[in-house]
Ligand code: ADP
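Given as C-alpha cells, the chain that follows is alone and in the form predicted on its own.
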C-alpha cells in the first residue's frame, strides 16, 4: 500500500573570508566559463595596451633629446616623422583599447547579471523549502529577510563585477608594469615592490577594524526595512489611533542610529584612505629620485626617457592601490551580507524534512489522525501544546474548541506539517506523519484560514491556485459553490479582475473556492466564515456541509452553529485536552465547553432571538 525511503543531508555553515567568499561564488560563475575565458583574454590584451604609453613616451623622449643634441642642428623633418609615428601608435592603441575594454566590460557584466539571476533563483528555491518555524523566528520577519536577500544578491553580484571587471584588469596591468620595471632596472623595481605590502597591510588593518561597524550598519538597515514594511501593513491601525507621530519618531530614532553608524564607518575609512594615499605618493617620489639619480650617474641603460618610463609604469602599478580601498570595502561589505545570504542556502536545519510515504495511484487517503503525548513549543518560546492526545476519525467532522491561545490552530499547523512536534507522535492512517511525502500529504489537505492570502493577479488565477490544471468551467463551478460567482460577474472585468481589490469577505470566498476546486479528502477549516456576513455565512455553511460528506474535517470556530454540527469535539485549555465527545455529551459534562457555549448564546441574545422568531 505504501513505500518509504529516507534522504538526509547535512551542511555546515562557517564564517568565511574573502577566499571563502570567492569559493562560494565559483559554482555560480563556472556555468559561464566561456564568457569567463573571453573576459580574461580581453583583460590580458587590455593590460598589454595599458603599457604602450610608457614604452612610447620612453622612446619618444630619448629620440627627441637626441635630435636636440645633433651636431648638424635640429632636423624638423625627423621631428615631424617621430610625432606622426607617436600619434598613429597612441591613437591606434586607444581605438583598440576602447574596443577591448568594451568587450571585456560587456562579457564581465553579462557574467554579473547571470550570476545575480542565478543567486536570486537559488535563494527563492531554498526559502520555499523551509519549515514555517523558520519564518516565525526572531530576525526572520519579512522585511528583514527581504533586506538580507536583496543586499546579499546586490553585494555578491558586485563582487563578481569587482573581481572580473575591475580587479583583474587592474592587477594584470600592475603585474605587467612591474615586470617591465624589473626588466629595465632591478633597483627601481624593488622600490616599487616595497611599497605594495605596506599598502596591503594598511588595507587589511582597515578591513578588520571596520568589519564590526559594517555588521551594525547591516543590522540597522534590516530594522529600518522591517519598520517601513510594518508601517505600510499597519496603516489602518496607525491612522485610527492617530499614531503617525509615534511611528515617525520610531523611524527617526532608527535613522539617527543609522546615520551615526555610517558616519563612524566613513571616518575610519577616510582616515585609512588618506594614509594609503600618502604611502602611494611616497612611492612616486622615491621612484623619481632614484631614476633621476641613476641618470645623473650615467647608470647603464638609464636615460631621461627612462625617468618618465618608470614613473608611468609605477602609475600602472599603483592603479590597483588607488582602487583597492574601494574594492576592499565592497568585498568586506559583501562578506557581511554574504554570511546572511549563504546562511539561508546552508540552513539545512530549517528545511522541511520529508519521507517518501505515498499513496498508490487511485488510492484515497482516509484521514485518520492520531496524536499521542504531543508537546510543542514555538520558536518564540510559547509552549502551545502539552502532553496532547487525541484521535481524528476519518470521514467525520471534528471541532476544536477553546479560548484564544488554547492551541487549536497549532494542531492544524502540526497536522499540515508546517511545524514538527518537540516530542510525542502524530500518525496519518497509521503512518508517522514525518514519513509522509510532504507534497503528497498537502495535496490531500484543503486548508481555509480565518485570513487567507490573496496573490497579486486575477480572480481566476487566485481560484485556480487550488488546482493549476483546472478548466475555466471548473473554476466557475468552484466560484458558484463559494457563492462568489454573481459578485465576480458584476465586476467590469469579471474573472479577469484584480483579486487584491476585493473586500475581505469576498477574498475569504475566493479562498473557499480554491478549496472546492482542490476537492481534497481532508479539510481543515480555521474560522472559515469569520469575515462573512450572516447570509454569506449561511450560504458557505451549506456548501461546506455538502463537501463534508465522506471527508475528514477539522473545524475551528467560535460559531456555535458550526461547532454543534460536528460529530466530535475536543475542548482545549492552554495546550491540554480537557474534554472530548459529541457536542451534546460534552455540554452535559459542564466545564469549559459549557461556559463557552453559554457565553456564545448570551452574546447572540438567543432569548430575544427566540422571542422574535416565536
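Residue numbers count along the first chain shown, from 1. None of these values were measured; they are calculated from a predicted model.
What comes next is about the form predicted in complex with the ligand, which does not appear here.
Mapping the unseen interface onto this chain, residue 405 counts among the residues with a heavy atom inside 4.5 Å of the ligand in the predicted complex. Using a 4.5 angstroms threshold between heavy atoms, residue 378 counts as touching the ligand in the predicted complex. In the predicted complex, the ligand lies farther than 4.5 Å from every heavy atom of residue 269. Using a 4.5 angstroms threshold between heavy atoms, residue 382 counts as touching the ligand in the predicted complex.
Interface residue among 397, 507, 444, 410, judged by heavy atoms within 4.5 Å of the ligand in the predicted complex: 410. Of the residues 193, 116, 230, 136, just one reaches the ligand in the predicted complex with a heavy atom at 4.5 Å or closer; this is 136. The stretch among 340-348, 251-259, 397-405, 482-490 whose residues place heavy atoms within 4.5 Å of the ligand in the predicted complex is 397-405. The partner is not shown here, but in the predicted complex the stretch 419-439 reaches within 4.5 angstroms of the ligand through a heavy atom at 419 alone.
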